[in-house]
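As structure tokens, one chain now follows by itself in the form predicted on its own.
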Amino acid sequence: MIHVVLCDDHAVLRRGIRDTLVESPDITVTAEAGSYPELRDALRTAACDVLLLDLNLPGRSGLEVLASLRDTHPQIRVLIVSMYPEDQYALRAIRAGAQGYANKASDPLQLIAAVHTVMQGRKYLTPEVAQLLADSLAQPVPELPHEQLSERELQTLVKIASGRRLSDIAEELMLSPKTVSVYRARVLEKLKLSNNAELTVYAIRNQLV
């Protein structure tokens, strides 16, 4: 039996994923979490072979959670399940240690195949991600400016480009407004931009939102 834990802040999506996975007789969902603190509590008692992890969580991002799990639960295989497009986040997630990346917009039944694949110790790559990897090996491309950003800085960029106010971002990331302002300043400096309007244009052009 494959023990799966779900971590996504949207209960409806967790319900949909759970209903899909239980169609496979050898998969059981042992716990659900909506944030990193909830996940940390769940992993104290629930068996977990494979974790389905959303990228966009309140507080710590999915990639930050992934980095923490590499230290605390290195045996857990992590499959990132996100609404973000593969060409912007999949390679970043794989390089950070994820065993696979699945888009929420894809066929739900592919999640079952993804869980089986990572449980076998293999990477789960959609045809789109496999092509990205092949392209990056064949013709390495220069690093884009936003690829220099830390996870917090990238989160701040995406949320600003999505129209969030700094106070809203601070609440969502569980940070002080002053800290979010520091992240915004770092993003502007690294991307060589001047204001939120330019940040938004940059994010749209690079398909970050």
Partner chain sequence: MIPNNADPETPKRPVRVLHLEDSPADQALVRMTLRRARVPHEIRQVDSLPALARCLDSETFDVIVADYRLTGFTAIDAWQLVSGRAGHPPFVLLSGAIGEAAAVDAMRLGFADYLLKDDMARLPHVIERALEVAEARRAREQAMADLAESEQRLADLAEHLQTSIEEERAAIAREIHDDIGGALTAARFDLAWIGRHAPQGPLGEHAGAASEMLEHAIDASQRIMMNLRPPVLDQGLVAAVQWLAETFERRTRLPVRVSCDCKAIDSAPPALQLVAYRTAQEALTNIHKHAGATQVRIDLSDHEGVLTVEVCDDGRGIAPEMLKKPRSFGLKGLAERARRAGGWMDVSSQPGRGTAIVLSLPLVGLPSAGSPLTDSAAPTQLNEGGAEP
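Since the model is a prediction, treat every value here as computed from it, not as a measurement. Numbering follows the first chain given and starts at 1. For clarity, a rigid core is taken as the largest C-alpha set superposing within 1.5 Å between two forms.
Quick note: we don't show the form predicted together with the partner chain, though the next part is all about it.
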#### Entry: the partner chain: the contacting residue among L149, L43, A161, L166 in the model of the complex [heavy atom, 4.5 Å]
L149
### Message
Within 4.5 Å, heavy atoms only: does D49 come near the partner chain in the model of the complex?
### Response
no
### Query
Taking heavy atoms and a 4.5 Å cut-off, does M174 contact the partner chain in the model of the complex?
yes
### Query
Within a 4.5 Å heavy atom cut-off, is N196 in contact with the partner chain in the model of the complex?
no
### the partner chain contact in the model of the complex: P58, any heavy atom under 4.5 Å
yes
### Message
Can you list, in sequence order, the residues from 182 to 205 that come within 4.5 Å of the partner chain in the model of the complex, counting heavy atoms only?
### Response
V182, Y183, A185, R186, E189, K190
### Large Cα shift (2 Å or above) at L188 between the shown form and the other one, core-fitted
yes
### Task
Please check if L175 moves between the shown form and the other one, taking a CA shift of 2 Å or more relative to the superposed core as movement.
yes
